[in-house]
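The data below hold one chain only, encoded as structure tokens and taken in the form predicted alone.
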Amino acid sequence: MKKLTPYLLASPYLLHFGLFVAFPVVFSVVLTFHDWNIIAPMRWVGLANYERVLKDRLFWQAILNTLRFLVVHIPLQIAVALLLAELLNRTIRGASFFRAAFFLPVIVSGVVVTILWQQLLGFNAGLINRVLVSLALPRVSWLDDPDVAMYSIALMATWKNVGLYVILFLVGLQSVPVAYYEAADLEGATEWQKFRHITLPIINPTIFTVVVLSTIGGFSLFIEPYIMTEGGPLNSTLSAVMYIYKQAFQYYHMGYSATLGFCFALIILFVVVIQKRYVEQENG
């Protein structure tokens, strides 16, 4: 009985892992070689789904849309979060209030935040365009212009998530020894020199963590464009995850959707590995 006790204790976790992690992964890989619409039996198609992915222009447009979102979202989010964390790390009145205020959007439902921003960015009745008109500036088609819509979504996503990364940067900044700054003061270093040569190298692991989390979060972009634009206009906000979802649950191409998901996971892994190697080279 003593020999079985460890297995009995671990059985709930093993059962959960087997049902909700291992089985879905293995089943998804099997699906990539089949054509299946849920109702009819699965039909073996070999590598046809993978060949279809290579020729699917809409999928690659969705990948480019997602990368376009990341190119704006990640630098903007890091810059804003680091600036706010640097300000909140100083002795200012109401610092606790501002920390809670910046973090509040993180815990609010993404659907609620998205609907709120959809109202704010409306062309005629949106508050932001009303402010622009009051300043004698032209209205902007925040969600109706294919060249602007994805950047509007990136702006909203940055506002939604920046509080989380402010907290991470605050932890990183508070790990910098004060003695380093005192020594730099004796040498007559400026604030920028202290930030460039002391703060940045020490919080570099935190920056890498934020970049990885932002990248993974950005690649999973779904709720915002799905609610605000439904992937339009002209598929300019169609994200990769939304396209995979549509293939599975609107067109019932389960095998092809699984193939898209598998290829997309490989692309994410490739990007993260490049980021890791870049950071390792920067750290020597």
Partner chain sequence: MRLLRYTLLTLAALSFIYPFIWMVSASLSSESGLGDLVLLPQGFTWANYETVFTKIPLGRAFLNSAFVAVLTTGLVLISGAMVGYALARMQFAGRNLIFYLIIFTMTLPFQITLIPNYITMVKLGWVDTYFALIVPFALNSLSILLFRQAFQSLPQALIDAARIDGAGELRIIFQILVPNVLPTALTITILTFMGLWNEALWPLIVIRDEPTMTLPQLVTLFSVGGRAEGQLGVKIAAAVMLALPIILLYLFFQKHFIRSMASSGLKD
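Positions refer to the first chain, counted from 1. Since this is a predicted model, take the numbers as computed values, not measurements.
The same protein also has a form predicted together with the partner chain, omitted here; what follows describes it.
The stretch that touches the partner chain in the predicted bound form, counting heavy atoms within 4.5 Å, is 109-117, out of 200-208, 109-117, 145-153, 178-186. For the marked spot (102, 261 and 265), a heavy atom within 4.5 Å of the partner chain in the predicted bound form is present in each of the three residues.
In the predicted bound form, the partner chain lies farther than 4.5 Å from every heavy atom of residue 134. The partner chain in the predicted bound form comes within 4.5 Å of a heavy atom belonging to residue 5.
By the criterion of a heavy atom within 4.5 Å, residue 61 is excluded from the residues contacting the partner chain in the predicted bound form. In the predicted bound form, no heavy atom of residue 273 sits within 4.5 Å of the partner chain. A heavy atom within 4.5 Å of the partner chain in the predicted bound form is found for exactly one of 213, 78, 173, 72: 213. Comment: the partner chain is not present in this chain, but in the predicted bound form one of 227, 67, 47, 234 has a heavy atom within 4.5 Å of it, namely 227. Contacts to the partner chain in the predicted bound form (heavy atom within 4.5 Å) from stretch 211-243: 213, 214, 217, 219, 220, 222, 223, 226, 227, 230, 241.
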